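Before any questions on binding or motion, here is one chain by itself as structure tokens, the form predicted alone.
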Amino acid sequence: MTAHAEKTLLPAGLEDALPPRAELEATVIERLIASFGKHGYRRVKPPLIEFEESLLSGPGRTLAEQTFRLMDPQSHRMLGVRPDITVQIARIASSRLRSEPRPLRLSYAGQVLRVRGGQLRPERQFAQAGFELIGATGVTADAEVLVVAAEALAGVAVEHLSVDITMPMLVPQLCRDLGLPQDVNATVRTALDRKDAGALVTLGEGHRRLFQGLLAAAGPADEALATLRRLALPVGARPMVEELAALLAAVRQALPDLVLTVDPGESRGFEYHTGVSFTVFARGVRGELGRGGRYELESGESATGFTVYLDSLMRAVTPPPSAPRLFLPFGTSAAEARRWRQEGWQTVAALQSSPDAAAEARRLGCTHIVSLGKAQALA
């Protein structure tokens, strides 16, 4: 490897975003934020780095292993580079905006950095955009977040969306109702996350049939709901199923064509969630486009939010045709150049005279050139 190549090498999981991808990503983010804003979500901008104890409190505890840490040379306190923006919104809502009327609707966008990438998301730095509904509880709040998320993604021309709804508190509730010891509880949750029916054979017959029924319930929403209602669920778990039914009905009323699936036993990635959660996918696109669900702030306030992962989303967005670029020959006046831009052209001005202006225009990637006061297409 040459010295120059060594200098330009980036760490694993980090990359330069080049044209036109960087431009498209910026446009997509602004369209998402605008879509959230139409539903009353106001934008906030938290810092990239903050004190470790605030960044890793509340919901942030589950991200401790993914957080880069460094010492602040001024305060000599430990800082963390945010691995997720949701935890910062929780801090802002509980502190700077604690006196604002509830429900509080906030949106955000920015870069995050993680210690490790995953199999489906090897990137360690990527952009997030999202929104949080804070101080509201129940199905109507969850339904609003899910619908706003789906509408925003559809608004950036993502096709074939599907939403997988999970119930991360259902299995813990079942284990409590059944009086299962902690080690059995952990075995059950791992088996359900891995879809490993064989790992449930050590349970008694009644318990085994119940948890295998949860595995069988995963699938299209209506079929999953029917299967859940047929299971002999303990009294404590039944309200969760009816809450799911109410959520499905509310979402269907707003977005009747949205594809909905349910996986009642899944809990991976939803460790800090306290209610119904969901993941959005697009057919044929690697990785989830975003995740959301209900959780609690450290203050005990309930919230429901959704985060879009721009690295995945960009794989689902069809790039628009390249914008026409108009070459302005050397000596074109500033007033004329301004007029072309006002007409919608992207202009590229020659910085010196050239014997073959058309050749220079092609070299710079232009599609048109100004000739005799008109924009002419380049062959």
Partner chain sequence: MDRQQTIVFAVPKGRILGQALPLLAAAGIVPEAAFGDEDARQLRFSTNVHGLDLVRVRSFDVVTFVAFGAADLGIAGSDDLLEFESPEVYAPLDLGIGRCRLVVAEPAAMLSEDDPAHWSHIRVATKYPELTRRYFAARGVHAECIKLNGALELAPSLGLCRRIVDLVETGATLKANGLVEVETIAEVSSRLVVNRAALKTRPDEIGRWIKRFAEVVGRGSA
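Residue numbers count along the first chain shown, from 1. Nothing here was measured: the structure is a model prediction, and the numbers come from that model.
This protein has a second form, the form predicted in complex with the partner chain, left out of what is shown; the following refers to that one.
Trainee: Where, among 87-95, 236-244, 128-136, 274-282, do residues come within 4.5 Å of the partner chain in the predicted bound form by heavy atom distance?
Mentor: Stretch 274-282 is the one.
Trainee: Within a 4.5 Å heavy atom cut-off, is residue 288 in contact with the partner chain in the predicted bound form?
Mentor: Flag for residue 288 set to yes.
Trainee: Indicate whether residue 261 is a 4.5 Å heavy atom neighbour of the partner chain in the predicted bound form.
Mentor: Although the partner chain is absent here, residue 261 would touch it in the predicted bound form, with heavy atoms inside 4.5 Å.
Trainee: Any of the heavy atoms of residue 119 lying within 4.5 Å of the partner chain in the predicted bound form?
Mentor: Because a heavy atom of residue 119 falls inside 4.5 Å of the partner chain in the predicted bound form, the answer is yes.
Trainee: How about residue 155 - does it come within 4.5 Å of the partner chain in the predicted bound form, if we only consider non-hydrogen atoms?
Mentor: Because no heavy atom of residue 155 falls inside 4.5 Å of the partner chain in the predicted bound form, the answer is no.
Trainee: Among 123, 144, 164, 296, which has at least one heavy atom within 4.5 Å of the partner chain in the predicted bound form?
Mentor: Flagged contact: 164.
Trainee: Only one of 115, 197, 184, 226 comes within 4.5 Å of the partner chain in the predicted bound form by heavy atoms, so just point that one out.
Mentor: None of the other options qualify; the answer is 197.
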